[in-house]
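Given next, in structure tokens, is a single chain: the form predicted on its own.
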Amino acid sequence: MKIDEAIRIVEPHLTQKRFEHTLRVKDTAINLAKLYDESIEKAELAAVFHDYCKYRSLDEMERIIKTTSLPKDLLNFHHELWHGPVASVLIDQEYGIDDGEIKQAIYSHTTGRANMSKLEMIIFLADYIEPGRDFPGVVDVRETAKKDLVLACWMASKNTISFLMKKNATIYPDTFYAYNDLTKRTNGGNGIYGK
């Protein structure tokens, strides 16, 4: 699918603010893909569709989770986590985008997961560091992203878990698995990141 077509498809499903965010994620993903020698086309397409289902009704997303192979435990966590997995199903059903790497990058862009591919890390990170984002720690992650993709993802994962813990929010297991895996990957596999 051509990127202009993807943008036209996605725009009506998003608020203006979320659409602008999506375009910034796309541009950030392209820059990261160039920097880390990943497919620009896949990064661009995954970025454009990453929030495709952000504003779908909760009833529709719940139905899709219940009637597809998506993990049913998603329903036990905040609905903010549903839009990535649901989008990974619907882009295939509705537009025939069946590339497994693109679908997985969209699926895990909010939570991360263990053993993320380079493309997954790029979308996870682009969503976190795009220039419109402004929250504690994002500048450090942005700077690190220019030098070390895995370390930047680790920092984003750590910050996300800290933020959710401060809110006394439940945390989806994949987020912990992502953090643990990235911790090992940032320190030669010994599981302790010493800074």
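As the structure is a computational prediction, the values presented were derived from the model and not from experiment. Quick note: we count residues from 1 along the sequence shown, nothing fancier.
Missing here is the form predicted in complex with ligand DGI; even so, the following discussion is about that form.
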ask   = According to a 4.5 angstroms non-hydrogen atom cut-off, is residue 111 in contact with ligand DGI in the predicted bound form?
value = yes
task = May I ask you to check whether residue 13 falls inside a 4.5 Å heavy atom distance of ligand DGI in the predicted bound form?
result = no
task = Tell me, yes or no, whether residue 144 is in contact with ligand DGI in the predicted bound form, where a contact means a heavy atom of each within 4.5 Å.
result = no
task = Evaluate residue 81 for contact with ligand DGI in the predicted bound form, applying a 4.5 angstroms cut-off between non-hydrogen atoms, and reply yes or no.
result = yes
query = Exactly one of 133, 158, 34, 63 has a non-hydrogen atom within 4.5 Å of ligand DGI in the predicted bound form; which residue is it?
reply = 133
inquiry  = Please identify, from 159-167, 41-49, 136-144, 65-73, the stretch that has a heavy atom within 4.5 Å of ligand DGI in the predicted bound form.
reply    = 159-167
query = Thinking of 24, 118 and 154 as one candidate spot, does ligand DGI come within 4.5 Å of a heavy atom in every one of them in the predicted bound form?
reply = no
request  = Can you tell me which bits of 168-183 touch ligand DGI in the predicted bound form, meaning any heavy atom within 4.5 Å?
outcome  = 169, 170, 171, 172, 175
